[in-house]
Every structure is written in structure tokens, then in C-alpha cells.
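Consider the single chain below, provided in C-alpha cells and representing the form predicted alone.
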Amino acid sequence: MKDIRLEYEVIKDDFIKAGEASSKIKKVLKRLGVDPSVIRRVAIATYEAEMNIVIHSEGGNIEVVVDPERIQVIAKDQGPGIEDVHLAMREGYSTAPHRVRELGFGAGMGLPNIKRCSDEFSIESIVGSFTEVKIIIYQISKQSAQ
């Protein structure tokens, strides 16, 4: 299988279209015949990353590369960045504004859920500039590949 690249723009505060990118990614993975358990993990991680961009940034994009061994997702935004990444990784910690919480979002589970669904996870954030979350989910478990 040739590598497949997908890219989606995510708009700040666009709660109408929020979730579209992760839904489209899920549909492509289904058409490619990716294992349902892998699709579920990718869908959860990309949805959480997409919502983080909608809620906390000035906008950004999600890039996905699918190859026979793994699925790589890079969610990068422009915006305020994260002052304390360690604190932001704690379940239940949220900087979401009240208006977002009233919509049912911003419970402080986004980054922990992304990490939980990932085989490899990294986050880089520069305050006042950007945040980039990189996720890798293997299609073939490392044990079965050996």
C-alpha cells in the first residue's frame, strides 16, 4: 500500500463543523480496511485533538499519514500555546472558558485521552505561538511484527 496523506483545516470556535475532520479520517480508514480497533483509537485521538484546536487556539490543521505499519497524526495550531504542558496532561485540568463548558466541552480529558489512544505521543508548545501534538498508532502490533 502506498502512503496516504490527508490534511484538514480546523477553524477556531467552529462548533458546527467540529468533529468533521476526525469523522472523515475514520471513513477513509474504514475504506482502506484498517482494523476497527485501530480506527477507534485514531478516531478518538483525532477528535480530541480537533476539539482542542477549536476550543483553545486561533485555528490549525490536522495531517494524517497512513502507511502499512502505522498511522501518524499531527495536529498543529496557531495560538496561545500551553504554559504548563505537564499540568495540561492531568485528567480534569482545563482552561476552557465557561461558554465552552456550557456546550459540554472542555472537561480536561482531551490530552490524556489522546495519549491513552496513542502508541507514541509527543507534544510541543511555544507560549504565544503554537502547539503541536504528534500521535502514532501502529497498525501491526510490535509483538506480531517480530
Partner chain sequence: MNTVGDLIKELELEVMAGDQEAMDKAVTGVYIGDLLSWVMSRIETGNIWVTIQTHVNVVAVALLGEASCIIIPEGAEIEQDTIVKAEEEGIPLLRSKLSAYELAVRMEACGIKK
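Numbering follows the first chain given and starts at 1. In this text the structure is predicted, and so the values were computed from the model without any measurement.
Omitted here: the form predicted in complex with the partner chain. The next part is about that form.
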query: Would Glu102 count as touching the partner chain in the model of the complex under a 4.5 Å heavy atom rule?
result: yes
- prompt: Are any of the heavy atoms in Ile44 no more than 4.5 Å from a heavy atom of the partner chain in the model of the complex?
  reply: yes
- prompt: Looking in the model of the complex, any heavy atom of Arg90 within 4.5 Å of the partner chain?
  reply: no
Contact of Lys26 with the partner chain in the model of the complex (heavy atom, 4.5 Å): yes
- prompt: Glu20, Arg40 and Glu48: each with a heavy atom within 4.5 Å of the partner chain in the model of the complex?
  reply: yes
Of Gln78, Asn61, Asn113, Thr95, the one that lies within 4.5 Å of the partner chain in the model of the complex (heavy atoms): Asn113
